[in-house]
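The form predicted alone is given below as one chain in structure tokens.
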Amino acid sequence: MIKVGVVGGSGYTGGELLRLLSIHPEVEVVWVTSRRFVGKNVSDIHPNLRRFIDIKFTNYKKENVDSVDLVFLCLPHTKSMEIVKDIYGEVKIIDLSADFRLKSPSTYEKYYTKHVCPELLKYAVYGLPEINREDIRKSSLIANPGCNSTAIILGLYPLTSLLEDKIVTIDIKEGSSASGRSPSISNIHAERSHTVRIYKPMNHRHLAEVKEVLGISNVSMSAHAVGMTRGVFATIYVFGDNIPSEKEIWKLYRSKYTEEKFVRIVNRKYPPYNLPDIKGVVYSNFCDVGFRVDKDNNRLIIFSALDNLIKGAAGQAIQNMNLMFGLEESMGLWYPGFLV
């Protein structure tokens, strides 16, 4: 059994991680930390985990790291790096924040803050299995990707050879759980429901990941908050001359994703489920991608949908854990989502 500790287990991402870990056949959750809820039962904060996680939240203590094989860090951005600096080399680590996603300290500082251990950035592997599977297997420090960047990168990855002379623009729509569990005027139900609100018209932090991983610079992104609880939907427009035919685009996607368990190409003729749809992926670890070629306007339109808490966070972290410990990659994750 893999013994794991979870640092920061009271939020939506931590709760979803604990839910998935509780049903994983090869995992034992040894401890879970939360500064706010020390001494409370995990199930007091995550009531869905009653009879599944019967332990109490504790304070984080470095000496407890010796009792586990792997530490998951479910902390806000800029908070994980202090812990990683202290425990790197003593235990395997999967960080679900952005603290180790970028290789450049200056880029990290531009989007977040000054990094306290920039010397470790080169050792972190970007935890997108569809691209970095073999490096993930050998790594002891995984930087779990962002939810928006996962949707965008998986949508564009098969097409990187086409993008050099193209303009790429991205429209993101995401549910309220992507804003976290701490209440604010931007994420309470009365504010988010029955609207589509632009919250980041430009310079979204996840775009730094997209540019670095795909090696492209001619890309822009706008993000919207919409009135759903879970999900990320990316509509990606690629503008330029010599857009390939749909048959050629099919070949590119199949060459990358035919053997991938958690990426499904959804590109059929007839609605309603002929293209990716949040209903097809929510509560699952799947990312659905599809496309249309608009020859009249010299553009390729790519659609990508995933659950921000699973493939965009906790599920992908478990996918990475499985690879790190030589398990079947889909263990604990192979189930469909909920349609209604």
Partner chain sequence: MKLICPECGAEIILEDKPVENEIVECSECGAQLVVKQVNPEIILEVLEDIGEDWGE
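Quantities reported herein were computed from a predicted structural model and do not represent experimental measurements. Numbering follows the first chain given and starts at 1.
FYI, the form predicted in complex with the partner chain isn't displayed, but the following is about it.
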Since the chain is shown here on its own, which stretch among 219-227, 241-249, 68-76, 146-154 would lie within 4.5 Å of the partner chain in the predicted complex, judged by heavy atoms? 241-249
Among the candidates H194, K138, K269, K122, the residue which, in the predicted complex, approaches the partner chain to within 4.5 Å (heavy atoms): K269
Among K110, R254, K85, H189, just one has a heavy atom within 4.5 Å of the partner chain in the predicted complex, namely R254
Members of 75-112 lying within 4.5 angstroms of the partner chain, judged by heavy atom, in the predicted complex: none
